[in-house]
Every structure is written in structure tokens, then in C-alpha cells.
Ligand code: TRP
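Just the one chain here, the form predicted on its own, laid out as C-alpha cells.
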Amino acid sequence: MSERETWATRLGFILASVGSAVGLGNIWRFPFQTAENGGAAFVVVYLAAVVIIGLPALLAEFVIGRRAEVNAITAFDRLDRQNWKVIGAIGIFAGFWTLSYYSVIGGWVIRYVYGSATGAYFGSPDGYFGTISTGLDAVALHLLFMTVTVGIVAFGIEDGIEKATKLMVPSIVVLMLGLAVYAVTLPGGGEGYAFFLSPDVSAIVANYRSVVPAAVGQALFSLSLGFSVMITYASYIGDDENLGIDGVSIAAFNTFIGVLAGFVVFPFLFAQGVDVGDAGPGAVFVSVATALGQLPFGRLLGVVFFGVVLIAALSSAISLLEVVVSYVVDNYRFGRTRTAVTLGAVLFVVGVPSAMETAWLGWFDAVAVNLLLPIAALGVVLFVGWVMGGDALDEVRRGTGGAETLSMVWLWSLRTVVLVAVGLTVYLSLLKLSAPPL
């Protein structure tokens, strides 16, 4: 196995991790999940899931990655726990599976950047989405998005992923803040803030079977947990870094972007009287496009908004591809460029059904979020909490100067609260699975 690359700077690792987490999970998926699951009631459960489940699980993936210093499957060999490598395999497969349809959505975003500049969707947002979301045009844009993703990953960790995310993540924050400031000025936008920020606790109690799995699944998806991304990224960092501070920084930054997306999307929609109940994979495209068509400077706002979504989509896509590339490069005599191109070609083919029919895309997304991610996350929590045990504590304490109490709290929360919560989520999520749209 050849000498592995590393992050050039700690900031590079944090921004790459944030870029992976921010992605479409926050700007595309979070708004329509919020709309589907009761608005602010969903947000409350989601935030609780990030703190109680997401952050401890994030640290667990960091522990495996830095301890083993290798990809997510071989890591379990390095830790002398070969029987557990199926966890890494499920995570890598989850990332591969997700990227196949994620790239299709990335293609939609490219089309919407162009459509915003020309005003192409202003006349009939529903009709425009129906035209561009499926068919040969969608396949071609899926290919374009995948090609850009492959190009970035082929350049490597320092020259490709790190440099790209150092530009992408600050750009996302600046542009989203600008859009959020503009949203405050919209007459009628206050109803959007109320929908997003005023939770009805009774709605959580009455609909917990759907709200809780959706919120936990969103927390895992938006933090890139269950994809083996954080195991892979942590395998490139040094021994002196404080995993706890890095984890809190990434989770907080990610959650901030998600909430910021809500401060943009919902005032846009309510200010123009757009129905937020029309949820689903295409909701943010149709609903936001409808609102943009009625707003002053709609074309400019559309270019900025969908430009942000495109940057976020790419920052996540490169992490999903890197997980698989890392495994192949670590274990076989293939160069990074050859590996990235080959895997990109396979992913393009797997994603064609999602590009031809949105029902397939919705099913692919449901399998990823309701099956693969929770099961992979459950495996990580079990392994780090009960198998690694003391070794996990040692790894968390490295770079902290001790942190005895906090590390023990983390370990026991992983063994109890997080384990039960993720296990329950797996059970409830399995009840929601449906057959493929044959």
C-alpha cells in the first residue's frame, strides 16, 4: 500500500468535513423534510437528534478513522476486528448508492442556475421541473455533474478536495447570509418564520412514528454519518488534533447552515403564498422557483440561490466519491485518477434510472435514509461503544490534554442513549420502507 495523503491543515479537514455535511442534505433535503413533518415541530426533534445522537456518533466515526489511519473497510482489520468490517462496507455502499441519485439532483441544480439566468421557469415552474427532471436532458446533466465531481477527487486530498472546499464552504456561508438578509425584507415573510420557529409540541407527540425517524435520518444524512465519510476523512488527520473540538465545530457549523437555509426558503415561500405542503424531492425546486418568479430581482436571486445549492451539492458529492476511491487506492494497485474515473462511470450508469423517473430517485433516497444510514450508524455506535471501549477513550483524549470526565460522558452516552435511539430509529425506519417502483 502506497504512502497515504494527509490534510495540509486542520482548517482543511474541518472545512472538508463541513462541506460534506452541508451539501444537499441541508439546502435541498432539510426544507422539504421540515415541510413534510410539521414545520418547527420537526426542527425541534432534528436539533435534539443532532446533539444527542449526531455529535456522539460523529466522534465515534472519527475515532475509528484516526485510530486505524486507513479506509473504512480496512480500518477494522487494522483494529484487529475483522468480523466488524461489514460496518465499513455498508457505509461505503451507502455512499456509493446515495451518490448515484445525488448526482441526478446535482444535474437539476445546474439546469436551474441556467434557468434562473434566463427566466425559463418563471412562466410555469411545475411544467419546467417536469420537463428537466427526467429524460435524456436529465441524464446528460447527471453526467456533467458526475464529471466535475470525479475531476475534483482525481486531484487528491490536498490539491483537490481541500482546495475546493476551502473555496466552497465560505462561499456558501456568505451567499446564504446575503439571501437570509434579503428574506427579512419581504412582506409576508413573517409567516414563514412562524412556521419554521414556532413548534407545536402536540404535533410531535401525535406523529412521533413519522417525525422521529425522519428527524434522526435527517441528522445522520446532514452530518454525513453512516456513509463512512467521517471515518475516511479522519484517517487523514494527525494525532495531535482535538477530535471533540473538531466534532463540535463541524456539527455546529452544519446545523447553522441548515437553519440558515430555513430562514431563506420559508420566508421566500410564505411571502408569495406558495404552498409548503407540496413536499418531496422536487419541492424545493418547484416551490422556490415559484416564489422567485414573483420576487423583485428574481433572476439574480435565482442564480445566487441555486448557485449556492450547486456548490453545496459538489462539496458533498466529492466526499461520497472519496470514500470509495480511498478504499480502492488503499488496497489495490490502481492510481487515484484511474479509480475516480472508473467509479464515476459506474455511478453514472447506476444513476440513470433516477434520471429517467423521479419515483426511482425517491425510492433510492428512502433506502439510503431509512435503511442503510441507520444500520451503518448503529454498527459504528455498537463497535466503538462496546468493542473498542478503552481504546476509544484513549483516542478521544489524544490532543485534549486529558478531558477525562467529558470523554467518559461521551462513551457512556454512546453505549446507552445513542445506542437505544439509533436502534429505535432503525426499527421505525424499516416500517417506512416500500417496494421499488417497478
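Between two forms, the rigid core is defined as the largest C-alpha subset superposing within 1.5 Å. Numbers follow the displayed sequence, beginning with 1. Quantities reported herein were computed from a predicted structural model and do not represent experimental measurements.
One more form of this protein exists, namely the form predicted in complex with tryptophan (TRP); it is left out here, but the text below deals with it.
S.K.: Taking 4.5 Å between heavy atoms as the contact cutoff, choose which of 100, 222, 232, 149 touches tryptophan (TRP) in the predicted bound form.
M.R.: Comparing distances to tryptophan (TRP) in the predicted bound form, the residue within 4.5 Å is 222.
S.K.: Check residue 34 for me: does it contact tryptophan (TRP) in the predicted bound form (non-hydrogen atoms, 4.5 angstroms)?
M.R.: No.
S.K.: Given that tryptophan (TRP) is not shown alongside this chain, does residue 320 nevertheless sit within 4.5 Å of it in the predicted bound form, heavy atom to heavy atom?
M.R.: Yes.
S.K.: In the predicted bound form, does residue 21 come within 4.5 Å of tryptophan (TRP), counting heavy atoms only?
M.R.: Residue-level check for residue 21: yes, a contact with tryptophan (TRP).
S.K.: Of 290-298, 223-231, 189-197, 329-337, which is the one stretch near tryptophan (TRP) in the predicted bound form, taking non-hydrogen atoms within 4.5 angstroms as near?
M.R.: Partner-contacting stretch among the options: 223-231.
S.K.: Superposed on the rigid core, does the Cα of residue 309 end up 2 angstroms or more away between the shown form and the other one?
M.R.: Passes the 2 Å threshold, so yes.
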